[in-house]
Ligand SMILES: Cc1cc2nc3c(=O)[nH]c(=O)nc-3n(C[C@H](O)[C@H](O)[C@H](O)COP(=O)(O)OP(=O)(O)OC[C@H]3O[C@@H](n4cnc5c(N)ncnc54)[C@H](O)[C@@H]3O)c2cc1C
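This document opens with one chain alone, in structure tokens, the form predicted on its own.
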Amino acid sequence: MQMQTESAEILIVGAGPAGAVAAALLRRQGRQVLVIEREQFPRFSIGESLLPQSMQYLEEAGMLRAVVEAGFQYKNGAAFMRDGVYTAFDFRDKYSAGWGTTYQVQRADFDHLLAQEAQRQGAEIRFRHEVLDIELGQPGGRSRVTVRDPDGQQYQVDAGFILDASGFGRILPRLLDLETPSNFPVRGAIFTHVADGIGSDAGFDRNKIRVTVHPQHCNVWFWTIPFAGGRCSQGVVAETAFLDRYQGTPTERLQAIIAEEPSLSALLKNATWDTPARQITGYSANVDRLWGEGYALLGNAGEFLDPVFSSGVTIAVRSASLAAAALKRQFAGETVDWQADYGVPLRRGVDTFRAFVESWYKGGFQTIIFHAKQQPEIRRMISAILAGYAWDQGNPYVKETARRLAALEAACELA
């Protein structure tokens, strides 16, 4: 029996933020879009603290009003704690122009909202459908995609172009053998959502994510992301050898590590641990190219660095915007250089974030942000990058990230 075949102008694999924003942007161009999503939304995901830069792309996609009206926790910055020393960045006080505020979101609700907005704009999303195989290089530069529906039946989609927004599923990198080893050590995260019980007298700014450094290990850190309604996302990130020292359930292990940090354990002393913790390991990933004939990789499907600066969603929606712009030109009959118009500009910001992540784990960036006497203009430049403006070439710490960070670290150590 011959498999049923249908046609799609653009096929998007994955309905998370990258896929939903790309779908909406392409629908606004008048393109026909089919989204294949393996899971049923809403579904749990981490990466709950957005960066202000992402608001630009939500606005471009016609989704901003829905996000603003959803009642998510307002966010205006990031706070850091180490050995009882506190420092905070207000993202409204930054070097780059653009949004200075955003939200902290429970991703199940946020991702579902974006998917619904993409559907409202005319994108077709098929939940619980799974991509099994992709054959590139078909006649006319098209691709043949094999999909399985919830009943186990298979069908094929003849796609004019594929955007892989499958996140950690990394469909195209696996099927096309695009994956390359990440240069980061293998790290893991243990995390959960709790009713945090943090009182108004605790001195906790719910408008900021808090990143707390372990008192003995500068490469072990905790995130505390407040949500509306008195809940928060709580997690720890460390190399797997460190996490493996602790016994018990994931919740018991997370609680044991938090107990080693006095300020955080005091902050969460009244928390209700009502959601079993989870663990993920080896999440950092890379590929040897972000595009090819008839396809492009979006967001985490292409590269995921590390959660420390909450860059994941911003990279995802930035990639969606770049890809949609390139496809607009391509469908208009122009010759598009995907490396120059997509690969290079996307990696430029990713590489900026990468330099900051590497500096964080070596302790250099911590030396900078906890320095007692900070020069205001340099602080504004760093605040802009922490707010997601890692593509602003007018910012010296974007244009020459590694050199500038090394020089600033040396100056702070000397002082």
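All residue numbers refer to positions in the sequence shown, first residue = 1. All of these numbers come straight from a predicted model, not from anything done at the bench.
Same protein, other form: the form predicted together with the ligand, not shown, and the subject of what follows.
Since only the chain is shown here, I'm wondering whether residue 46 would be in contact with the ligand in the model of the complex (any heavy atom pair within 4.5 Å). Contact with the ligand, yes.
Residue 224 near the ligand in the model of the complex, any heavy atom under 4.5 Å? Flag for residue 224 set to no.
Taking 4.5 angstroms as the cut-off for heavy atoms, does residue 253 touch the ligand in the model of the complex? Heavy-atom contact with the ligand at 4.5 Å: absent for residue 253.
Would you please decide whether residue 173 lies within 4.5 angstroms of the ligand in the model of the complex, comparing each non-hydrogen atom pair? Taking the distances in the model of the complex, the answer for residue 173 is no, it never comes within 4.5 Å of the ligand.
Specify the contacting stretch among 266 to 274, 287 to 295, 176 to 184, 106 to 114, defined as having any heavy atom within 4.5 Å of the ligand in the model of the complex. That would be 106 to 114.
Heavy atom within 4.5 Å of the ligand in the model of the complex: which of 304, 91, 161, 80? Looking at the other structure, the residue within range turns out to be 304.
Option touching the ligand, based on a heavy atom within 4.5 Å in the model of the complex, out of 351, 39, 60, 358: Selected option: 39.
Within 4.5 Å of the ligand in the model of the complex, which residues of 139 to 175 have a heavy atom? Give them in sequence order, or say none. 165, 166, 167, 168, 169, 171 sit within 4.5 Å of the partner.
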